[in-house]
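What follows is one chain in structure tokens, specifically the form predicted alone.
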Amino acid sequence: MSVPRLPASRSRENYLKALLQLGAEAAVPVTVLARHLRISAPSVTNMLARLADEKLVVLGPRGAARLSGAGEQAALQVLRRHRLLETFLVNVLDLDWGEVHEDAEELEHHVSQRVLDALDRFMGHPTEDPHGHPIPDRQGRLARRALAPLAALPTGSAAEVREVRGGDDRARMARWKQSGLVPGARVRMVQANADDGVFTLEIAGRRMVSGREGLDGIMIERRTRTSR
């Protein structure tokens, strides 16, 4: 099944946002970007060349790309629209926490700055979206946090879930919500069998057992005190 071609402006914004999310540490390889966007590698290569001509990305060896300064600012504004819209859909329209990613993906390309500013004011200028991700401010500043994967929490240690990643996977989001693995949840690692990839957790007084893959995308911040 072929992927329909997106309008140029929408496609550009999708590429910039993807590079921002994937390229925190280094340039993003073409294959990684193609997999993320579900677009063929040749199409990705062509679009990256256009973005490089527009001075929005810098190309490296084998076509790997990273955002330029201007590209990063543009990407942060797209990310701000997306996360504010998710917040509005959940907190105001009462849509399900795990089912708003695609709606926000659609709306983010069409909402005007005036309407976005009005939504921001109406919601009291939220700093995090429903999944715990920080929302860039109007100047494109994004809070940086030192988070760790839940699976890295040692046995006997406690932490707080700060964000959940992978909002486009509805089934996984539903399982996490049902288990109580949501931003703000307090969790304790009862037993971490890293070699076997099996973890026993305690969440709000209830225990659950999960494989490593089932925890992938849940990011935590260690608590200052350790639960016994």
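Start at 1 with the first residue shown and count on from there. Computed from a predicted model, the values in this text were never measured in an experiment.
What comes next is about the form predicted in complex with a further copy of the same chain, which is not displayed.
Using a 4.5 angstroms threshold between heavy atoms, R121 counts as touching a further copy of the same chain in the predicted complex.
Proximity of E102 to a further copy of the same chain in the predicted complex: non-hydrogen atoms within 4.5 Å are present. The closest heavy atom approach of S112 to a further copy of the same chain in the predicted complex falls within 4.5 Å. a further copy of the same chain is not drawn, but in the predicted complex it has a heavy atom within 4.5 Å of L95.
This chain is displayed alone, yet in the predicted complex one of R170, H36, K55, R186 has a heavy atom within 4.5 Å of a further copy of the same chain; that residue is R170.
Distance criterion of 4.5 Å from any heavy atom to a further copy of the same chain in the predicted complex singles out L107 from the list V90, A74, L107, L153. Contact with a further copy of the same chain, judged by heavy atoms within 4.5 Å in the predicted complex, is confined among 153 to 161, 131 to 139, 113 to 121, 74 to 82 to 113 to 121. In this stretch, 46 to 81, not one residue has a heavy atom within 4.5 Å of a further copy of the same chain in the predicted complex; the partner itself is omitted from this view.
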